[in-house]
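One chain is shown next in structure tokens, namely the form predicted alone.
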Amino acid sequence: MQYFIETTPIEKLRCECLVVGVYQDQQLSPAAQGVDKLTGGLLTRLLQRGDIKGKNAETLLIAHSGLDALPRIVLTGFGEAGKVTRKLYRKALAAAAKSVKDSKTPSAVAALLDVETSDGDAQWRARQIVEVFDDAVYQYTATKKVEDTPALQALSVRADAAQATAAGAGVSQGAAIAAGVCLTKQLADLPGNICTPTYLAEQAKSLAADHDKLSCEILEESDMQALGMGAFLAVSRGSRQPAKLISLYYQGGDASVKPIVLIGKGLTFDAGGISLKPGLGMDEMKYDMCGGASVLGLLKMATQLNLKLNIVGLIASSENMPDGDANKPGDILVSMAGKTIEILNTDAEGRLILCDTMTYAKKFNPEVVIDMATLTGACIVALGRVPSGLFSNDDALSEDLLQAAEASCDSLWRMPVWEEYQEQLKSNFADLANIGGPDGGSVTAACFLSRFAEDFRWAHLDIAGTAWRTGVNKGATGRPVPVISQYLLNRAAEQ
């Protein structure tokens, strides 16, 4: 979808559909007041009649406004004036986007910057408008014929002269983040027979070919063997698809500046290996590569905004399948770091490909390392599907990520990585076991990874509950691209 800034005054504006705000106390936003005047008090009469009360996320489509210049108007409720939080603003935007999408209009103007929020300025609001509307029109079409495609092709964010510069920056940021989210969702929604490790590697090469500051290197299984990545290679032994370690290098800053390393788990399908998963819902294990897809989405965002940062993206990609050559419970592996690992459950494979990738990341002398992984069902038990779990060995990095989560409305919740949990990973036969028992599964998984992050500042995002939706609305969400995008934007602003 295309995005623009519109600075034409309301009284002179011409568009297919105009979106304006209303509050719960029947108070119209400034833009809505202008429309009310143009329509001879139509909006006031609708409020008085009770057609819309202004509750948050309540909408009313006026399909025949009586104005040739503004044939359709979407009234959007934001709740109590003066109490519109960031999340309430986005919730109302989602309702507005659905109403516009359902109206089948080809273009629209969102006059919603004048809705004051308790946090967030005009730039932030413009960015949210773009992100939320883009999410609303996303549709998976790669392997399915869709006759009823979204009609909305262009969205303009209306700003007055004082807001135009800030709004323009917000629209640019929002469009770049939306592009990253869209790429992430497109890759994640593909089936495992199409989106293989080789396919992900080709997508990375294609992305790098489009940008001068981005380059790509693919490590094959022979390269990993030479590096001693015994943990990584054990996972792919049961698959006919060769594993890939995909490396993307973005140099937007001075060559002397240490890079931010982003690592993504790219299990393009996870059957659990010999410790086979239950059949019900196993189709959703195509989403076990959402962390890897997010790394690609984030680098697309960074290149589109030309961020003044150095970023290394590492995608550890494999399948985890049962086979006569697959690794077995009781096997002992030797990781790239030289630590031996006892396999107690072959379905705890994500940490195996990640631990060797984290060791590999040391070669880049990273400023920070952030990994994103659909790692544990235990994280869903602990936190549900609202926040992603945040684990870290560095308080300052954690605080930066939590602040980014607040600003992006892509929630994180910090979980412990305490020494007491390390006891659960003890093994009689190896340096550590790959699981720590049934208690605190997401924590012990993070503790396992922490043993390979001792030489750098590190954060781990467990996105098992947030990377995709299940049920009737099954599909990828694109998280945690928004929160890491905000983190990168904040870092770029500092530099």
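Just count from 1 along the sequence shown to find any residue number. No experiment lies behind these values; they were computed from the predicted model shown.
Quick note: we don't show the form predicted in complex with a small molecule, though the next part is all about it.
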For this session: Heavy atom within 4.5 Å of the small molecule in the predicted complex: which of K300, K244, R351, R158 fits that? Just give me the one.
Result: R351
Exercise. Which pick from V443, L43, A464, A459 sits with a heavy atom within 4.5 Å of the small molecule in the predicted complex?
Worked result: A464
Problem set entry | the small molecule in the predicted complex: contacted by all of K265, D347 and T376, heavy atom 4.5 Å | yes
Exercise. Heavy atoms within 4.5 Å of the small molecule in the predicted complex: does K277 have any?
Worked result: yes
For this session: Answer for D410 alone: is it within 4.5 Å of the small molecule in the predicted complex, judged on heavy atom distances?
Result: no
Exercise. Within a 4.5 Å heavy atom cut-off, is D288 in contact with the small molecule in the predicted complex?
Worked result: yes
Exercise. Can F452 be called a contact residue for the small molecule in the predicted complex at 4.5 Å between heavy atoms?
Worked result: no
For this session: Determine which one of 367 to 375, 163 to 171, 216 to 224, 327 to 335 lies within 4.5 Å of the small molecule in the predicted complex, judging by heavy atom distances; exactly one does.
Result: 367 to 375
